[in-house]
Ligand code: HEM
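Consider the single chain below, provided in structure tokens and representing the form predicted on its own.
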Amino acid sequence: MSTQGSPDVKPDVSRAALGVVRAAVIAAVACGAVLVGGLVLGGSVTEKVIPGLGDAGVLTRWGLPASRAAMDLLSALTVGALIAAAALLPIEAGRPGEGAKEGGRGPGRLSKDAITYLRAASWLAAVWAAAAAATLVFTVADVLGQPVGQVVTGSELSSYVGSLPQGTALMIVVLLAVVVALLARTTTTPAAAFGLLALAGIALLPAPLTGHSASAANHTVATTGVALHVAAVAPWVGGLAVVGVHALLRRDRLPVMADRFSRMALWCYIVVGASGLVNVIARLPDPVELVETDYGRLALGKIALFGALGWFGRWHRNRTLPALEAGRPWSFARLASVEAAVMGAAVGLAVALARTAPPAPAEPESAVKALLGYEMPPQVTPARLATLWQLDLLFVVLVVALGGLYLAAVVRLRRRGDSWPLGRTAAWLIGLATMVAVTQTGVAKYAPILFSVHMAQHMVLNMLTPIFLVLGAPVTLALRALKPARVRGDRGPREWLTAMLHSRYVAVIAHPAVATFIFVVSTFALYFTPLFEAAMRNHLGHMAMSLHFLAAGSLFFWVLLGVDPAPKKLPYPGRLLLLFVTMPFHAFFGIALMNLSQALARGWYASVDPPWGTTILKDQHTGGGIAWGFGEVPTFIVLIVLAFQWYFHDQRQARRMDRKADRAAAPGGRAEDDELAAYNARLAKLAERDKPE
């Protein structure tokens, strides 16, 4: 709320400024102090130098964690500034006639404050890239055991960047951060700001995903846990910093920003807590290790700080948000200074934790467990495929989120008095059940070992699960359940979803030719190139491969079945033609696999070859047979669905034509029809002009 003209404006601004500056200083001091203490406690900076082995030197031992802490803080601040521009600050309504048809209002545009935060994000991303580059140099020096000066002046830096996973990951971070820095200087639209936020979010992941998560007992669980943890921490920390700075710059938008940040922070807190617990369990399977090891004691300290941050969040919702509504912006900055100190300490502790080695396993791991994250399972049988459950955290989170959001939307419609077809809900739940059946059971355990089981998993995720998910009409449900934005011209979830459906990107990717190309060609490009073995050897690549199967299938069947709104809808004869043209390609793919003379990804399958299995090539021939025969199942289901859709479409068209004929036959019917249509069009135009965009 604005308080211009009030006699206490200057004192309030001064108090807010002092609060923000104090928060920044306290946070930096807390981060540095806890980082130093954690490094000493974890022993990463007090290791004894063994004669004859390379030593990177004192500069690297202290410089690497310091640059990593700076990189983490700057990445969070960059994400926070982008979130403020794209989501926390309301989007202003377009001017009348600006980019609109027939004198209507144009699309929403970023406010001056949002543009300011985009420009700040540009500078922050540039410094983030510099910190990542410094971390890269220190990482190479640490791995090689050579002083920084020798690494920089020699040829080791360029040769090891591509061969070290950490080096490659940090180079990706540098490149993405530079792109964000350059584009944020010229971005002026809400969609572009949201795109930059997504790009910065991607840049958060490579560095932490090449750390301890790659060597944890369960690689998939640890990798997903770290990804969720980082994706939730960055907007939480960065958002708090930006809202605190906004208390100094502008106070009229502060209540809106603080309220939106508080709601976002609650979800971030839940995700951080759940993913942090998963990470601790993955690295410390024995609870005794929490108190008996340096890594465990640092983890306990981080848990304590997490609990304190939860208390601060509750205080914000109960005390500072009402104070902001009452016109006291300094109240937020005052509490934020203490909360920033706790967050800074948590970031410093997290960096120290990353530099501390987890306790070694009690028994040496086998080669198979080092690759898979678990020991070789017993001989495959149908019963074991159904009962040997294997937790895949990525798909657990995906199924819980998709199922929970869908059912919550249905409940909202029911409470509002609206109906929602039970068949669509059943189709959605069946789709999620098929996803669980191939990602959490013994199918997931045997899929990395046997190509035949992997192919069954691929077929379900790519050609069966998407059919039921598309029939659930999630986009239509979301458009009906989501409420419009409260602020005129702003974009909430409903407005962002509508804008995405009308975007040029969706118009291109959802074109029937493009969707079919992705659905068909990506399968051949994956399996008959080195991409397949690379994806099988890398846990992140394997997760990306599974998500691609699901996304490509969902895109194709969205175009084919067309329950939800789409940029271009094919007539039913065209859909049948597209189905009969596409499905033979999957049959050709299966035949090609059955006629292989050399095994695919031989290096990987030779490393995990089970002693009870058949030959690698014969198992891949079996996988080809599964691919060839499985195509009949989705084809049959789609034909039945299309037949019913076509029938009901013709029935609706016939009823519409009958009503039109009845109105035309009535005395004065056509004139009344035209008058009613004109009146309805006028009402629709007024409603379109008055509703928020």
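Fair warning: this is a prediction, and the values are worked out from it, not measured in the lab. From 1 onward, residues are counted along the sequence shown.
What follows is about the form predicted in complex with the named molecule, which we do not show.
*Asks:* Under a 4.5 angstroms heavy atom criterion, identify the one residue in 450, 131, 485, 347 near the named molecule in the predicted complex.
*Replies:* So the residue touching the named molecule in the predicted complex, by this definition, is 347.
*Asks:* Which pick from 226, 79, 196, 559 sits with a heavy atom within 4.5 Å of the named molecule in the predicted complex?
*Replies:* Contact residue from the list: 226.
*Asks:* Using 4.5 Å between non-hydrogen atoms, is residue 277 touching the named molecule in the predicted complex?
*Replies:* Close contact exists here: in the predicted complex, residue 277 approaches the named molecule to within 4.5 Å, heavy atoms only.
*Asks:* Looking in the predicted complex, any heavy atom of residue 306 within 4.5 Å of the named molecule?
*Replies:* Within the cut-off, so yes.
*Asks:* Give a yes or no for residue 302: in the predicted complex, does one of its heavy atoms lie within 4.5 Å of a heavy atom belonging to the named molecule?
*Replies:* Yes - in the predicted complex, heavy atoms of residue 302 and the named molecule come within 4.5 Å of each other.
*Asks:* Give a yes or no for residue 295: in the predicted complex, does one of its heavy atoms lie within 4.5 Å of a heavy atom belonging to the named molecule?
*Replies:* Contact check for residue 295: yes, within 4.5 Å of the named molecule in the predicted complex.
*Asks:* Given a 4.5 Å cut-off on heavy atoms, tell me which of 235 to 243, 507 to 515, 523 to 531, 598 to 606 is the interface stretch with the named molecule in the predicted complex.
*Replies:* Result of the contact check: 235 to 243.
*Asks:* Does any residue in 260 to 275 get within 4.5 Å of the named molecule in the predicted complex, counting heavy atoms only, and if so which ones?
*Replies:* Residues within 4.5 Å: 272, 273.
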